[in-house]
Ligand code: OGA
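Just one chain follows, in the form predicted on its own, and it is written as structure tokens.
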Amino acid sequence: MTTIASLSFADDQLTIIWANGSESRLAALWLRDNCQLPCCFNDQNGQRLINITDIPQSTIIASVTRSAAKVTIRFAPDNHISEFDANWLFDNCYCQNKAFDDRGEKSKTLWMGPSAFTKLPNADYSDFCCRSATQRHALQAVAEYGFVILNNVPVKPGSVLDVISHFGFVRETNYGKLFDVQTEINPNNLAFTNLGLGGHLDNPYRNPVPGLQLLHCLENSAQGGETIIQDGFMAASILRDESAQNFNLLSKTAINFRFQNKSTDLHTLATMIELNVLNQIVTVRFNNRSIAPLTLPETSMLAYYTAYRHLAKIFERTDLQACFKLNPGQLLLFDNTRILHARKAFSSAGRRHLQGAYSDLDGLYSTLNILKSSANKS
């Protein structure tokens, strides 16, 4: 219970002194806009029932009363009465809380190679399915570190879709609901060969890109084919430390990404490093196979290539990479806006067969938030 020590008001502002000594100064218009009574707010879905234009611009506080846990305010000139729970005021007060952000780099734990972990984040799939605590910890690992490995996922085609059903929805693309990562004749993507692949994020030519990727190992008897992952946010932050000029070029200069085959032609215009309004890294788009020919001004072309090469060289640093071999029944779930993945070449003897699928970050974060809320109530 959050306790109010005292409160006062003067026309367009309510001042609350909390029992912990902190102070909140809340504008009358903000309070009126956030009225929690059923006439203004639907408590089933958390949505307002009024528009900002329904509130007089000249709104002031006419009177205030309080009980142990509630504050009642009468506004003028419309004589509207609102009632607020003290806990709600404290939890939502803009004097006490920063804007919510769970996607920017500041809300993550950035990491450098395997030395960052005593053991790579992992969970048993059966526990993930039936124990909310295991599911919460696994999804939190994706939110915090960008990835988790699920063990003992049934080794049968289509299981990757079952995994997605536990936290979100399948993001279907031109590759289908799922796709097989194995050697093909005349492949339309280098992923479907036995060649090694450099670090990249998938589908940078889409807007938005699929926020999550899953790779489920069905067979891996070929020699080689190890999986490599690394934290793209960490690499971008290293670039920022080493060269603000190069970082600014990649975060402010939009380029074209493209994928084209007989049945698909996808373009998007985006920066290689995307920042949010707080200037925090929120997305890395790096895929040398999918960058269209650059069409930048002549005066900035060479400078852009210098910045691009700098970031690419950072991605090649082995101390930033975690390398491991996925075994049958293991599934790698990772943030496709942050975690680069690569693989080593593998032999034609034996077989390497992964099934992949995409999903979106919204579903994962929504499920994680519900799990956290339930854990806090228990």
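Please read these numbers as outputs of a predicted model, since none were measured by experiment. Note that residue numbering begins at 1 and tracks the sequence as displayed.
The following text describes the form predicted in complex with this ligand, which does not appear among the structures shown.
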Looking at heavy atoms inside 4.5 Å, which stretch does this ligand contact in the model of the complex, given the options 314 to 322, 335 to 343, 35 to 43, 52 to 60? 335 to 343
Closest heavy atom of residue 247 to this ligand in the model of the complex, within 4.5 Å or not? no
Answer for residue 200 alone: is it within 4.5 Å of this ligand in the model of the complex, judged on heavy atom distances? yes
In the model of the complex, does residue 352 have a heavy atom within 4.5 Å of this ligand? yes
Taking the shortest heavy atom distance, is residue 181 within 4.5 Å of this ligand in the model of the complex? yes
Only one of 215, 71, 282, 222 has a non-hydrogen atom within 4.5 angstroms of this ligand in the model of the complex; which is it? 215
